[in-house]
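Presented as structure tokens, the chain that follows is alone, the form predicted on its own.
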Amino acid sequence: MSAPPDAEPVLRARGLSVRRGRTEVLRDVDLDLRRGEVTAVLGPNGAGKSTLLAALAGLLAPAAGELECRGRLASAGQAAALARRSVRANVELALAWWGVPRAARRGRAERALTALGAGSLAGRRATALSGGEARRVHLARVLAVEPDVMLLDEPFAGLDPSVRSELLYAVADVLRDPRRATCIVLHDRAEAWALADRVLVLLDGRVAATGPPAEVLERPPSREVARFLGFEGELAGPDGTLMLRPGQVALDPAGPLAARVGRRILVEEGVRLELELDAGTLACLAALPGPEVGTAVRVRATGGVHFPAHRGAPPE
């Protein structure tokens, strides 16, 4: 359950801007992190996601704006850099750095490891861990600190799909805590659906959308955000443009739309078809073998998001 909308933020940013050299990487960002709420940050490469987390953690000085944190903050970067010691010792080192009394370290370390499904690894050397195991220990170090604000930068990056899924399930059980606010940078919108109470989309260093996952991911506020979130197809009409994801388009001999296959790409699920219509282009998935390039087909589209013509031309 997400935090009440009027709950006092544990961390608040207003007008936050960050420069790297002469380049303004982050521009005028407003963000509230509340206890009991998980906020996911999405955006393409170079959008400023990691810069935002570094600024919230105090690792980068803002060029402008205000940042206020009312509690203890701990963060985990993308790299699981572990000391050449046992797994338990790695977590205890983090607790020692935070000033946790020696007598309390072992129990807190083991509870954090167990919560992330890594309890059986406590006595193993960190150098003997797989990538997924090392990432669990990396996250356990932050969890053991019991921070008021937890910042995680792409915790699933670089993992094989099966390992990624297992870690996602483990993290989903422990991220949400009524005592803690969590902000997590993600690369995949499906992960945001699974984990987040609130989604923030960064494009070109600015907040392009923010709100509950169902609102942002299914009803994006602009064409630019819609394209980033996978609404690849566009059909122009007299009253505006309808944008659709491939999953909202299907081949149907009785479908109302006439199209021609312009391109086909084999994918794990079958074949991805790029379709050409008089009103625009669509993409869809079909079972193998699927129609060949140049084939005339009928298409049915359901759902999508409509942008009225008065909103102007699509952004480049």
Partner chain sequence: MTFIWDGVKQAFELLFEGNGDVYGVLGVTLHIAIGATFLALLVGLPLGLACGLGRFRGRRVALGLLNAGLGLPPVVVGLIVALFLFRGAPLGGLELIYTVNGVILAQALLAFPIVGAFTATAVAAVPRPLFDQARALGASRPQLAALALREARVGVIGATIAAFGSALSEVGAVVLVGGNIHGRTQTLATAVLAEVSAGEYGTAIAFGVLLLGLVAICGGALTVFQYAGEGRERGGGFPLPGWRAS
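Numbering follows the first chain given and starts at 1. Just so you know, these numbers come straight off a predicted model, no measurement behind them.
We do not show the form predicted together with the partner chain, though everything after this point is about it.
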field: Every residue of A83, A96 and H138 near the partner chain in the predicted complex, heavy atom within 4.5 Å
entry: yes
query: Where does the partner chain sit in the predicted complex: which of 219-227, 119-127, 200-208, 167-175, heavy atoms within 4.5 Å?
result: 119-127
- request: Evaluate A76 for contact with the partner chain in the predicted complex, applying a 4.5 angstroms cut-off between non-hydrogen atoms, and reply yes or no.
  value: yes
message: How about L159 - does it come within 4.5 Å of the partner chain in the predicted complex, if we only consider non-hydrogen atoms?
response: no
- request: Consider V145 of the chain shown here, and say whether it contacts the partner chain in the predicted complex, taking contact as heavy atoms within 4.5 Å.
  value: yes
